[in-house]
Structures are given as C-alpha cells and as structure tokens.
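Take a look at this single chain in structure tokens; it is the form predicted alone.
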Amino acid sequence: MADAEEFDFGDNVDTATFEQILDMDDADEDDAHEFSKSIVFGFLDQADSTFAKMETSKYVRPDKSIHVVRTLIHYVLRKDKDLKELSSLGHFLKGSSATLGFTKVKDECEKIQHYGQKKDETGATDEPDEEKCLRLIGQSIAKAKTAYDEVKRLMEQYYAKLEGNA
C-alpha cells in the first residue's frame, strides 16, 4: 500500500488533509480504497463540469478576453449576474478542494470567489472595476485548471500505485 506521506504530491495536496479522507477507507474490504477513490474522482468530475460552466460565462473566456456587447444596460446587468455566478462556482470548488486538501485549486477558486464579489484576491478590499474582476477571474480559472490537471494526474498515479498498477 502506498501511504500518502510516501507519495510525492509536491505542494499540490495537503497530505494531512488528504489522509483524513484516506482514513475513511475500510482496510478490511477487498477494494480497500474505493471510498476515498470515489470521493476524489467524484470531485474531479464535478470540477470538470464546474470549470466548463465558468468558461461559458459570456464575459469570461479561456483566453481571458471580455466580450463586447451591443447595449450598455444589458452589459452591466448581465455582467453583474455573471460575477455573482462565478463567485458562487468559485466558492463551491473552493470548499470541495479544501476538504480534499487540493491546496492550489482551493487557493485559485478562493480568488475567483472574491473577484466575483468585486473584491481583491484576499477579499479584504473592494474592487469596483468589474472588467478588471472578470479579467482576473479568467486568469484564476486558467491557473485553477492547471492546478486541477496536476492534481488529477497525481491522483490517477496515486490510486494506480495503491492498486498495484504503477
């Protein structure tokens, strides 16, 4: 069995937090790690669809550009709605990734949450420039996805090693 402390997650995973998830596995079962594996890969599936929702925002694109709209009124109302939705999605992923110990994903999703609330990355200072917030959300989505891809790769390797396939 590969102990989480022995596996090199780098700074992508808080091992102490992740081991709390592993502690819920039933060591007496034939597939002793099915419980933690289902939680981890369930999160990864949810994160995939949540990132897709973030990227379908009319104003945040993977290339971080802001979409030009025809009317200022529609633009302001829709943009505000998107900021709130993006903040909510960031909050959702922040909580799930924190529970599993996926630190880099959590950190970027926390920034998305704050920017969506028209705050700076720490959430301490108001940021009234909505276009700047949307641009920063786009950048944080890109960073969160990069961190997510790394965590996914590491988790696939970790569970393959546990199952004796690596």
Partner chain sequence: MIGQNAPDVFPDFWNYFEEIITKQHEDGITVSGKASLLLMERQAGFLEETYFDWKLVPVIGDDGLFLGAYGIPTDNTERVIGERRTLCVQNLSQRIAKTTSFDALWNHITLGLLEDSKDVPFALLFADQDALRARGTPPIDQTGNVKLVGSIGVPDGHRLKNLCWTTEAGGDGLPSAVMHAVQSSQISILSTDSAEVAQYLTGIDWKGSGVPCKQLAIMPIFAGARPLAVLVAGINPHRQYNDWYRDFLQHITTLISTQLSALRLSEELKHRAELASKAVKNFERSELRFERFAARSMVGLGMASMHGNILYANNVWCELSGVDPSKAIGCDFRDTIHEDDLPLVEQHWHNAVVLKQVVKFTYRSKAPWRKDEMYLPQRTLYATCYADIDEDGTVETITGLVVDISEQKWTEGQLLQRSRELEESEQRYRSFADLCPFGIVSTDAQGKVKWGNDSWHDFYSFKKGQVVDEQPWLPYVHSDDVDKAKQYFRTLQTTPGAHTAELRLKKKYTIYEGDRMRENDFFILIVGNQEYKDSLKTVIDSIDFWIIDISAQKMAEKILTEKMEEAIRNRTSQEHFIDMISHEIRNPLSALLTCAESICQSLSQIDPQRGPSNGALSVAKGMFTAKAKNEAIYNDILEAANTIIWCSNHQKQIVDDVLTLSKLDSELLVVSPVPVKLTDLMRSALKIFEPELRMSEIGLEMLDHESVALNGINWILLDPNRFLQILINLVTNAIKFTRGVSGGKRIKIVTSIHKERPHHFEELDFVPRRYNPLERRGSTIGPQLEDADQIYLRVSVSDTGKGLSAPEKKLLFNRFAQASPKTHVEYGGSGLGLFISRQITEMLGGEIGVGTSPSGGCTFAFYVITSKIDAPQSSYLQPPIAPAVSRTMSAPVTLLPTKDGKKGNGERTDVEKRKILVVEDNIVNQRVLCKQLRNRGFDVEASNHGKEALAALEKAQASEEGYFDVVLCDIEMPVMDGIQCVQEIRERERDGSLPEHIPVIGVTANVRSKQVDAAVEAGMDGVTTKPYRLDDLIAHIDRLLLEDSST
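Quantities reported herein were computed from a predicted structural model and do not represent experimental measurements. Positions refer to the first chain, counted from 1.
One more form of this protein should be noted, the form predicted together with the partner chain, which is absent from this view; the next part is about it.
Contact with the partner chain in the model of the complex, defined as a heavy atom within 4.5 Å, holds for exactly one of 26, 127, 131, 48, namely 26. Here the marked residues 54, 139 and 153 all miss the partner chain in the model of the complex; none has a heavy atom within 4.5 angstroms. A residue is said to contact a partner when one of its heavy atoms sits within 4.5 Å of a partner heavy atom; residue 21 meets this definition for the partner chain in the model of the complex. Along 91-110, these residues reach a heavy atom to within 4.5 Å of the partner chain in the model of the complex: 91, 92, 95, 96, 99, 100.
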